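What follows is a single chain, given as structure tokens, in the form predicted on its own.
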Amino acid sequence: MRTAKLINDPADIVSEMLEGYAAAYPDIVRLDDGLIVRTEPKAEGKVGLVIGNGSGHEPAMIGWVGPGLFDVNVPGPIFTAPGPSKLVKGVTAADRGAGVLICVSHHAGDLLNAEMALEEAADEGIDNVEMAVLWDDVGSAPRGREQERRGSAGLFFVWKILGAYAETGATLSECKAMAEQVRDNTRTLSASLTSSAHPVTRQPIGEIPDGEMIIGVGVHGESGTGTIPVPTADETVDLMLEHILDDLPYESDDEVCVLINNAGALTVMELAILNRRTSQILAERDIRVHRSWLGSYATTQDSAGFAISLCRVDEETKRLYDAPAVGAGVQFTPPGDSTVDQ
């Protein structure tokens, strides 16, 4: 585990990161009083999308602000949700006259602060604001108790599809319903070979013995279902997909989008091998793959781990998933095109 970090004063990690990130992508995002916002605002009369989250998971979510994605990211301290007042600032920055949807990855602090932000916004006369609470991690609560589950890498699909939907001029209530629809069709399970060090304290955020793997680990290093000897890549995917597929359940003739998310330190080689076995199992079950994506999306610093996420899609959500989008950390190009319209 690497404990040394190339930082300056630990108290300045987030502010300096945001300053440097915005400076690298000025055509997509800008830094506005601690918020990451779109350089080119969304058109008037469309729903604004805001997400607040703890830092330390980059490129989520500073890399997911831009055309077809979020309007504003409200970054908090490392692994800590931003406060209510800062979220209200984000709502104000995202408002284009059709209301604002606050998207909440389900964790206790994120939910509490978002609820308080809604109350504070109402006190300030900002009343056209809704909240969508989102989860996908099958390792955090059993089937039938989905509302207790954590948000994790699979919310990738919510952000992409919702971002495209808001661009169509959908209403605030329609955007919230779409976010929940995609959530309810998404399942994720994560595994990790090593933990990482907290960049401020330099202390491990979890303990995984050498040669062992944890399945069901959370995006902040939360404990999973216990350790097992590290299996082969195929054995790992077989074990994880069994839980994912049986949970919704996903069935023959379903069509899905696939995400293999790098928690920080895996190689493209490893991700591709994991995706190979995922594709094989889905084909064996007659589950069609619309599109696959592999890479670093929601990281836990430099943990050597990954997540498998599936999202069941229909004709509407496939069209929205395929719509062009540009963020500093991710770009989507329509099938068959080599450029993205902004």
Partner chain sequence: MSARDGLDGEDWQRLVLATADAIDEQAAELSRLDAAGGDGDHGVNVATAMGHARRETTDLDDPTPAAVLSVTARAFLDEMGGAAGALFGSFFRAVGRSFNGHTAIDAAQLADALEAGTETVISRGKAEPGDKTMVDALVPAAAAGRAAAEADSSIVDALGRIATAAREGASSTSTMTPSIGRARYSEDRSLGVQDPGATTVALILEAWAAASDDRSKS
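Positions refer to the first chain, counted from 1. A quick note: this is a predicted structure, and the numbers were derived from the prediction, not measured.
Same protein, other form: the form predicted in complex with its partner chain, not shown, and the subject of what follows.
Original post:
residue 113 near its partner chain in the predicted bound form, any heavy atom under 4.5 Å?
Top reply: Close contact exists here: in the predicted bound form, residue 113 approaches its partner chain to within 4.5 Å, heavy atoms only.
**OP:** Report yes if any heavy atom of residue 149 sits within 4.5 Å of a heavy atom of its partner chain in the predicted bound form; otherwise report no.
**Re:** So residue 149 does not count as contacting its partner chain.
Original post:
Does at least one non-hydrogen atom of residue 133 fall within 4.5 angstroms of its partner chain in the predicted bound form?
Top reply: It does not: once its partner chain is placed as it appears in the predicted bound form, residue 133 has no heavy atom within 4.5 Å of it.
Original post:
Do residue 200 and its partner chain come within 4.5 Å of each other in the predicted bound form, heavy atoms counted?
Top reply: Yes, residue 200 sits close enough to its partner chain in the predicted bound form that at least one of its heavy atoms falls within 4.5 Å.
Original post:
Do heavy atoms from each of 159, 251 and 284 fall within 4.5 Å of its partner chain in the predicted bound form?
Top reply: Answer is no for this spot.
Subject >> Contacting member of 223, 128, 181, 92, with respect to its partner chain in the predicted bound form [4.5 Å, heavy atom] >> reply: Only one listed residue qualifies here, and that residue is 223.
Original post:
Between the options 138, 118, 205, 256, which residue brings a heavy atom to within 4.5 Å of its partner chain in the predicted bound form?
Top reply: Here the answer is residue option 205.
**OP:** Within 4.5 Å of its partner chain in the predicted bound form, counting heavy atoms only, one of 93-101, 80-88, 242-250, 182-190 shows up; tell me which.
**Re:** Stretch 80-88 is the one.
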